[in-house]
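Shown next as structure tokens: one chain only, the form predicted on its own.
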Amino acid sequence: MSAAIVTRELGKRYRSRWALRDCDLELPAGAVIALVGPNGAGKTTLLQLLVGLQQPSAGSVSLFGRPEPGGSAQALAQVGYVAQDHPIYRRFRVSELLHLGRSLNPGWDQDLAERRIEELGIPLRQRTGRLSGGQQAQVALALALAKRPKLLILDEPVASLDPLARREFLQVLMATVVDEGLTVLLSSHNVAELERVCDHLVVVADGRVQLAGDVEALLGEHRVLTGPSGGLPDGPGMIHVDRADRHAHIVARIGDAEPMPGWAARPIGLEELVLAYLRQARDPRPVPSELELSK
């Protein structure tokens, strides 16, 4: 599968602080990619570097084989971007936003934009400032899709929406993915919602990529091990340990290997997997040393 996004040693520094560092990614075309991490992890910085809103302090970015998207109008014409706060002109009518989009984008599909707005039941003469949060998000998505992009980047697009509006937004998004064959990079805190729609995962914490890969493959490689708290196994595949008085639960990357005698293994869920890597990033102590001390 060809790559839609490739980054090599990508980094962004603000004075003495690195917001993103040593970011190496190769994300497949045609995938729906979840970008997950805590606030301040570097997610928005990464997305802004991809679309050229910021320039990297180190490393490189390429989209669909074109280097330096920030300086390439051809590459950016293939990208649709929806920011978290849905920055649309609130005094504009919806029809005026569509006219602006048509004026600025050479590949603009006016029929597609009007059809999507009509399907949402949003009047073209309505001022966007009077729309609900969910409607504003849907208008922003319609504007991004009317560019006919190959890559759609969404930065927390449903963070401020109620559960019904979030579900409707994601339904429209996934219907478009099926119809158009888009590559989607979606940043969100809601792992449960991402699990239903995404097939690739990137976990970012403390300005670094902690985990990246195909969701199904990652879930197949990891297990939750349960066994006696006093005899913890050791090894490089141990990601995170939760200890109680009598039992311990370990998230481990063991593939098809059998756990040691006395330990039970079960499949892991996506949310458990993400939390384990975020906790590992938060605690800089190497897990094998911690396990040795517990014996």
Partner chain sequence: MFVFQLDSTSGVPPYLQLVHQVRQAITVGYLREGDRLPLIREAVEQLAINPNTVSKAYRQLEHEGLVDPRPGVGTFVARAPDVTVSPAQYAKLRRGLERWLREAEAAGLDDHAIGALLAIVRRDVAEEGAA
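Everything numeric here is computed off the predicted structure, so don't read it as measured data. Residue numbers count along the first chain shown, from 1.
As for the form predicted in complex with its partner chain, it is not shown, yet the points below apply to it.
Residue contact check for R167: one or more of its heavy atoms lie within 4.5 Å of its partner chain in the predicted bound form.
Looking at V209, you'd find every heavy atom of it more than 4.5 angstroms from its partner chain in the predicted bound form. Contact check for R125: no non-hydrogen atom falls within 4.5 Å of its partner chain in the predicted bound form.
Using a 4.5 angstroms threshold between heavy atoms, D179 counts as touching its partner chain in the predicted bound form. Of the candidate stretches 221-229, 195-203, 130-138, 157-165, only 195-203 contains residues with a heavy atom within 4.5 Å of its partner chain in the predicted bound form.
In summary, among the residues M174, L112, V191, L120, the only one with a non-hydrogen atom within 4.5 Å of its partner chain in the predicted bound form is M174. Here is the short version: of V32, L270, I239, I254, the single residue with a heavy atom within 4.5 Å of its partner chain in the predicted bound form is V32.
Contacts with its partner chain in the predicted bound form, taken as any heavy atom within 4.5 Å, map within 202-224 to E216 alone.
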